[in-house]
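Take a look at the structure tokens below, where one protein chain is shown in two forms, each on its own, as structure 1 and structure 2.
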Structure 1
Amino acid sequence: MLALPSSQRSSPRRVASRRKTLALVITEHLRQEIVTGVREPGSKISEPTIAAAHDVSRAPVRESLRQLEREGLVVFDAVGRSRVVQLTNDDVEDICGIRASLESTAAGHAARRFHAAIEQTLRSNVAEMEEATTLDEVSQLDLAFHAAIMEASGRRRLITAWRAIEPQLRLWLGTLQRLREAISADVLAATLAAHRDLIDVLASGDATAARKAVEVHIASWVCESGGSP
């Protein structure tokens, strides 16, 4: 079963319900397990089991699973059983395509409303990535960088759509990571360079150039290295 901070399983439970619903906590936990591969693609997920593991009723678990379905990490069959999604090569290709489109559109908007605070965020992300050592750290920071650009666009709907596929990207990246060992210095250097360039383009305010730059960056990134299992 799943490990959980002991505070939560034996305490009155109603304690931590300030704005942080149980469903949210469980969602995050399950998402983590799926993305990191602790739960294998295709493996079954049973509501009662998870409920018991978290010492809660099935209600919040149900909600979590629906949320994860929306994120594309869990799929339900015709009779309502859920399992961890198994991404196909086609899926990955589609996801990357959608992602590229969303991010390049967002970059266009971001270029138009660029300002110091955003630049600050992006630059410190790059700085952190320079220090990063593990492949996992780099991935996290890379996603964070792209997430920051999405936020910078200020477009509610674009952000929503991007959030809906981001977990799948993480899942896929995680799968790849478990196959490789470390990150090649070349790739890291290229990523850093691309990110720096991107910041400059955004700062220039040239929306068209920003869109193009993002498109190129994403296309050159992992997205066509051909999928998983």
Structure 2
Amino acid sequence: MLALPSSQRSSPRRVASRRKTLALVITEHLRQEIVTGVREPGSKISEPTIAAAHDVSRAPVRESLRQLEREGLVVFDAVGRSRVVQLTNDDVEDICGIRASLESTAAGHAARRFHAAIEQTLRSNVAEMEEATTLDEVSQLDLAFHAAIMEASGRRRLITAWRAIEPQLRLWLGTLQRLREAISADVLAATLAAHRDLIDVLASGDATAARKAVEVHIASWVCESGGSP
């Protein structure tokens, strides 16, 4: 294990800062492995193994796992052992319901404050999606499109709430990616058309129409069916 320089060993603040930095690195690494399926749903997560792989103590690993627990990607059993979460149909239904509520509300606010920079961001996203060749690319761009609408709302609490479910949404999208070998041309065309329509509605400045359009857009894909959200 890498030792801290002697000048830093006597500083609890520096030690805590280093541990926090290590925890952030490990968190991102584990999060990526979970959402991409490298770590399968329900699989055990060994703290000693992860600590050894990153050449760190178990303290930052435990911090990382607690963060992933807060994100809904990891669960702990009664004796403190961790596993990758297994999303149930009820979980997915809840995630989609919360998402629809947050995004439709945010769309109304985004429509009221819509401007050229927001439109450029969304249209650039659509242009990138047109060139995508895999479900992974489409899914990530799709999520980025909806994240941009959330940010455009300018409503801090809505954005914070949406970010809280985003990791679980990424996990669900990752699950879909593994169920398909390639992106369906029909799914891609439908997603592109729907996103262009959403941009037009947002640009109209009609908050009521924007809220309704997002509600219909999310509901039309029915999360459980496996369509792109």
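For residue numbers, the reference is structure 1: its sequence is counted from 1. Keep in mind the model is a prediction, meaning the values are calculated, not measured. Under this definition, the rigid core comprises the largest set of C-alpha atoms superposing within 1.5 Å between the forms.
Participant: Quick one: identify the form predicted in complex with another copy of the chain, either 1 or 2.
Facilitator: Comparing the pair, one sees that structure 1 is the form predicted in complex with another copy of the chain and the remaining one is not.
Participant: If I superpose the two forms on their rigid core, does the C-alpha of A59 end up displaced by 2 Å or more between structure 1 and structure 2?
Facilitator: Yes: A59 shifts by at least 2 Å between structure 1 and structure 2.
Participant: Please say whether, between structure 1 and structure 2, the C-alpha of R81 moves by 2 Å or more once the core is aligned.
Facilitator: R81: C-alpha displaced by 2 Å or more between structure 1 and structure 2.
Participant: Quick check on D197: with the core superposed, does its CA move 2 angstroms or more between structure 1 and structure 2?
Facilitator: D197 C-alpha, core-superposed: shift of less than 2 Å.
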